[in-house]
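Presented as structure tokens, the chain that follows is alone, the form predicted on its own.
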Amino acid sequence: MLSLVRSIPDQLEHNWKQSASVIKEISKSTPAQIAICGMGGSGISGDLIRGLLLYSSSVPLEVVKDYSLPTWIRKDAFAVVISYSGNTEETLSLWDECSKMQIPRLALSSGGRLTERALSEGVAVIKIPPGYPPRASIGYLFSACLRLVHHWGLYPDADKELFAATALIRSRIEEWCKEASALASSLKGRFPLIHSLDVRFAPLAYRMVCELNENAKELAHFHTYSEMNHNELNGFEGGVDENAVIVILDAGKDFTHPRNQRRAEIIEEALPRVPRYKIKAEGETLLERMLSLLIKGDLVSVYLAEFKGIDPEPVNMIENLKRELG
């Protein structure tokens, strides 16, 4: 799994280039809405794109992680339907709804029934290389989504920023591995509360929780400033489990509202007994900072699995559930 995390820069560059020929055939007219549909390691790409565009795009973007589309998704929307395996039942249900509503769409998959349905309906497919755990294909999936919003002019500097981000990752990965290993050793036997200081980076906190769940087989929790100051914060008043630890995802002062920075300072003073660790984003742009936190969080989960002596790849309980569902 460590080698797969380290391959993310290659994935990002590969599918940025490979998806170009498919995406250039999509209308350049900006849709009224964007729906990104997918579950788990596939759907997280939509969360990342939503965070990236949150304060810059005038187009509403909904990330759908269920069997049914919200009623406000209309025919004038555009849907990106993502299932790495191509067989995710919730995603296939969403595909069928989009078909009935005749919503223009794009499929991202390594194969399976999603690819079959897309080809039979004459819908464009971006093929993802097979053989990966879905969560480890994040670079392929995200870069294709990024290319699409760039195509519509919703993130105009995506091309140069993406390659700057991959250069940053490659230049810093060895140091990040050391940092992640040290943090992972501190998290062993702990219950991590992952806090993002900026709402745009909340998907990175969620991603880290998911990676801890799947790779390290650990429960974890995430929340975002300033919302957590209106609910979770008061939970500490009842006493804190001795195994709890707070991990702050720090986007940096230029990417965090100053009032949230002040909130974090006050809370740090108010909770002196709760161990706190910080993961700092790196880079000059929003995209670089998001991807740096993605890599760092993924690395922590893999090293924690290593320290626990477990194989990070199998997700037995998920597979057992799928078998029971039939």
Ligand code: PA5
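The numbering used is simple: start at 1 and walk along the sequence shown. Keep in mind the model is a prediction, meaning the values are calculated, not measured.
One more form of this protein exists, namely the form predicted in complex with 5-phosphoarabinonic acid; it is left out here, but the text below deals with it.
Visitor: Whether 40, 134 and 322 jointly form a contact site for 5-phosphoarabinonic acid in the predicted bound form is the question; each needs a heavy atom within 4.5 Å.
Guide: Looking in the predicted bound form, the three residues 40, 134 and 322 all sit within 4.5 Å of 5-phosphoarabinonic acid (heavy atoms).
Visitor: At the 4.5 Å heavy atom threshold, is residue 142 in contact with 5-phosphoarabinonic acid in the predicted bound form?
Guide: Residue 142: no contact with 5-phosphoarabinonic acid in the predicted bound form.
Visitor: How about residue 201: is it within 4.5 Å of 5-phosphoarabinonic acid in the predicted bound form, going by heavy atoms?
Guide: Looking in the predicted bound form, residue contacts with 5-phosphoarabinonic acid do not include residue 201, since no heavy atom lies within 4.5 Å.
Visitor: Is there any non-hydrogen atom of residue 85 lying within 4.5 Å of 5-phosphoarabinonic acid in the predicted bound form?
Guide: Residue 85: contacts 5-phosphoarabinonic acid in the predicted bound form.
Visitor: How about residue 20 - does it come within 4.5 Å of 5-phosphoarabinonic acid in the predicted bound form, if we only consider non-hydrogen atoms?
Guide: Residue-level check for residue 20: no, no contact with 5-phosphoarabinonic acid.
Visitor: Since the chain is shown here on its own, which stretch among 65-73, 41-49, 23-31, 295-303 would lie within 4.5 Å of 5-phosphoarabinonic acid in the predicted bound form, judged by heavy atoms?
Guide: In the other structure, the partner sits against 41-49.
Visitor: Mind listing which residues of 305-326 have a heavy atom within 4.5 Å of 5-phosphoarabinonic acid in the predicted bound form?
Guide: Residues within 4.5 Å: 315, 318, 322.
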